[in-house]
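Just one chain follows, in the form predicted on its own, and it is written as structure tokens.
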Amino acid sequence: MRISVFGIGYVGAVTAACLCKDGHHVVAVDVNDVKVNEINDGLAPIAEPGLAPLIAEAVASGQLRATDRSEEAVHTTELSIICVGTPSRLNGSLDTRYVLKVAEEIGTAIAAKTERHHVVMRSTILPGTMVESVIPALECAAGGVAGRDFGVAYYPEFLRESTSIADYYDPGTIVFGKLDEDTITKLRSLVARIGVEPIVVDMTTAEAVKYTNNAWHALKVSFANEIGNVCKGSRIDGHEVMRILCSDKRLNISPAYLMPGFAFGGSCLPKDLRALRYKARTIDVATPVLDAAMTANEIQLDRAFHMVASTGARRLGLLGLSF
């Protein structure tokens, strides 16, 4: 397949190199002349184990080249992958100006193209961004309707720095956000060699999956650090505690409890969480993650009460009184 990759940053460079390794021809696009020249010289624009030889081989074989001309890249390829950055603003909101600028450039190029083109987003964007911002920008510039006149999909990346090539070929999951079936078919062919069956959902769900993954990873790091701090203050080996915790694949490292619903209760969880937080205070260890868990549980209880109260019903049925 002939593919253009917009953004020669971390995700873009790795994606382009792996696509070439799989036999595709790639045009890498970036506004940074330094990155463009590095690619064309067969050099990796970022430091990532195993990337340099892939880039060098792809350029030498003629499968990979770079340019700063968006229109030319779109006109010589059949599918464009957007991998530009989405940095944080000072207030924490997401800056999507680069994503929208590239979408407009691709849309303009599509308007002057006769054959059908496909646009795939890999940049990390908040749920709703594709539908509310990116697709309207594409349609306005292209003068057409997404899904009918050109294809669109969202393909979130789950690549870790220093292991990104291994992650590309051995992903825990592959998620496609669907608008039209034709583009999903194209994406399936791109990942056919990986051997993981893609999960196809609507684009907003795919966007939410990416953010949920990152939030979950951040929460795990902070939880492990917090437990480690409590253990260290109590002269306990926190690494051994967490190793044993992770050895339980039935309840701990599993889907158990990871389902939106009601608050936790019973005779153990609230009592033991309170006791652990008290123990941490006695050894001067802060526990913001554990504190937040209790606060979040109280909020979930209040939310459930107000959901019931807002119905105005006077006769209620309770299923399950034990907890």
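Please read these numbers as outputs of a predicted model, since none were measured by experiment. Counting begins at 1, following the sequence as shown.
Although not depicted, the form predicted in complex with a small molecule is the subject of the following passage.
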| query | finding |
| --- | --- |
| Of Val102, Leu79, Ile110, Ala153, the one that lies within 4.5 Å of the small molecule in the predicted complex (heavy atoms) | Val102 |
| Residue among Val74, Met130, Leu138, Val84 with a heavy atom within 4.5 Å of the small molecule in the predicted complex | Val84 |
| Which of 266 to 274, 253 to 261, 32 to 40, 294 to 302 lines the interface with the small molecule in the predicted complex (heavy atom within 4.5 Å) | 32 to 40 |
| The small molecule contact in the predicted complex: Leu159, any heavy atom under 4.5 Å | yes |
| Thr124 within 4.5 Å of the small molecule in the predicted complex, heavy atoms | yes |
| In the predicted complex, Phe176 touching the small molecule (heavy atom, 4.5 Å) | no |
| Contact flag, Tyr168 vs the small molecule in the predicted complex, heavy atom cut 4.5 Å | no |
